[in-house]
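To begin, one chain is listed below as structure tokens, in the form predicted alone.
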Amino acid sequence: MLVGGKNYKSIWLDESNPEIVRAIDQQKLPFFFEIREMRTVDDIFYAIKEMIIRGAPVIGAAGAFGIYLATLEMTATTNPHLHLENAARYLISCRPTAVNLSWAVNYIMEKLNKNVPEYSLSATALQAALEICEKEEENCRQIGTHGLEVIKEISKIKNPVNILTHCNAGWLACIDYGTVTSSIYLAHEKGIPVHVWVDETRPLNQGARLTAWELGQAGVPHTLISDNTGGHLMQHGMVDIVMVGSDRTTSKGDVANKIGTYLKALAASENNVPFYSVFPSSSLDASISDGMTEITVEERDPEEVKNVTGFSGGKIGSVLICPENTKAVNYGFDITPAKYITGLITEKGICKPAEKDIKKMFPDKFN
């Protein structure tokens, strides 16, 4: 996507030094546009854990690059198998909810476990990591074409089409194009009038800081709202469709996504507003069926709830918003049951959130 007239992806291999992975530092946006260098497995782990890199597809790509960097850390005395297995477990542990991370790391490990000679480990890992990046980009592009058809249908009776989003499911989270934003950008490019209600997405405000910034860069009309405003807008007919991402979708269509998604789904159901979850196949976990009991919901540092990050005096800073000794809890995700979801938009097309329909669209996931 374009930033200041220059095309960027959210993560990439350094053009001049293939031992460096670069990524846009999402912690610094929208106040500063900075590129982060990562040279070690620890660098990747820290970037994912601290949400310098965030968003399910790009987390997966980062994990894949992490295994590649692990191969570069080996010496003549290293046990390759043990070293890489340890690196894989370490990387997967840093964010437990999004399935893309474990999927990508395991994909690389499967490639490396196929009797690859030691001298080819790095080249094999790098090729596989780049394949993942290319595949996720293409998946998001395809998602955009399918989501566009939904927006087109609504545009026949609504002008502009008012879309409510939650968190950031844009190109920053997905290497390029985005999941939710892919169809929005495509509609905007084709002259279909759209307007996006951007949820701030407390506690880290990925909507306010990232989605609003992305849409602004692309020239897409948008309005920032507090998280609690969505229901009011739906009650008054000001939302035509809700589109959210997914960090893990079960075989029966339950969706784990950023905390607050479930409440949007409830409000949408009550007000007959279509609610779609938009994701690539790498976010589908067909090994589980019940999201409420089988998905681990990440709990993050309570300080993220007690403090808010902002920009003042030319600096990014954190401000306490409650009494200092207040107890807080910080669940990163919630589960939206399939019954509240109108449809799932993927690179293969659109299906109902039901096992038979998901299985028909992704038969390879159920083997």
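This one's a predicted model, so the numbers in the text were calculated from it and none came from an experiment. One-based numbering along the sequence shown.
One more form of this protein exists, namely the form predicted together with a small molecule; it is left out here, but the text below deals with it.
*Asks:* To test your reading of this chain, name the stretch in 131 to 139, 173 to 181, 218 to 226, 102 to 110 whose heavy atoms come within 4.5 Å of the small molecule in the predicted complex.
*Replies:* That would be 173 to 181.
*Asks:* Just one of C167, A268, A87, A125 has a heavy atom within 4.5 Å of the small molecule in the predicted complex. Which one?
*Replies:* Result of the distance check: C167.
*Asks:* Any of the heavy atoms of Q206 lying within 4.5 Å of the small molecule in the predicted complex?
*Replies:* Flag for Q206 set to yes.
*Asks:* Does V308 reach the small molecule in the predicted complex, with heavy atoms at most 4.5 Å apart?
*Replies:* Contact with the small molecule, no.
*Asks:* So in the predicted complex, is the small molecule close enough to A328 to count as touching (4.5 Å, heavy atoms)?
*Replies:* Judged by the heavy-atom cut-off of 4.5 Å, A328 is well away from the small molecule in the predicted complex.
*Asks:* Going by a heavy atom distance of 4.5 Å, is M51 a contact of the small molecule in the predicted complex?
*Replies:* M51: contacts the small molecule in the predicted complex.
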